[in-house]
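Okay, here we've got a single chain as structure tokens, the form predicted on its own, with questions on binding and movement later.
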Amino acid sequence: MNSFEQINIGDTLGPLELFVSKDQCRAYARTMGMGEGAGRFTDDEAARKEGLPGMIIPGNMSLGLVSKLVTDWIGSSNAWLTRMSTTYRVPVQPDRTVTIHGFITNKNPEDRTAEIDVWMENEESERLVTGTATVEFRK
């Protein structure tokens, strides 16, 4: 990543392509203690009984994946992710490739922060998760 002085409104982050398997989704649900009580994250049949098209990725897992785009961009610089907000528009299904994008929408020299719009889309370019990240840069 560049320094605060080198970034500009409109600069892009990514895209970051990720394939999330059903096994990864189950492992996440199990690790987070969701396994037995939330079949929608571990079993296609249980998810269909809830009216879903099949297993879905937990929202916090999607948040983590979207955050990865920003933290990868930050890398080893002296900046950090101070805030991330997301909106879940469409259930994210495992065993599919998702692509995560971002671009800088605002740069505030007073507090040395940048606002970044981020979103996750599926193979049909449908936006599944959208959000905003704030990154603060140290001097």
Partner chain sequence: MSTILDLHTHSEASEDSRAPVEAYLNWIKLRQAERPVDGIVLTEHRQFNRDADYRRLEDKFGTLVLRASEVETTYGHMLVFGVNDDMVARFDFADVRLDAQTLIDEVARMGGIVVPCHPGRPNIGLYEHYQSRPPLENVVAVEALNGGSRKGEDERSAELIAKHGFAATGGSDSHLVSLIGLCATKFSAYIKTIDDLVRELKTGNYEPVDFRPRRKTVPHAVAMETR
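These numbers come from a predicted model, not from an experiment. Positions refer to the first chain, counted from 1.
The protein also exists as the form predicted in complex with the partner chain; that form is not presented, and the subsequent description refers to it.
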Can you work out whether the partner chain is within 4.5 angstroms of a heavy atom in all three of 80, 113 and 136 in the predicted complex?
no
Tell me, yes or no, whether residue 20 is in contact with the partner chain in the predicted complex, where a contact means a heavy atom of each within 4.5 Å.
yes
Looking in the predicted complex, any heavy atom of residue 85 within 4.5 Å of the partner chain?
yes
Would you please decide whether residue 108 lies within 4.5 angstroms of the partner chain in the predicted complex, comparing each non-hydrogen atom pair?
no
I'd like to know if residue 101 sits close to the partner chain in the predicted complex, meaning any non-hydrogen atom pair within 4.5 angstroms.
yes
Residue by residue through 56-74, which ones have a non-hydrogen atom no more than 4.5 angstroms from the partner chain in the predicted complex?
61, 65
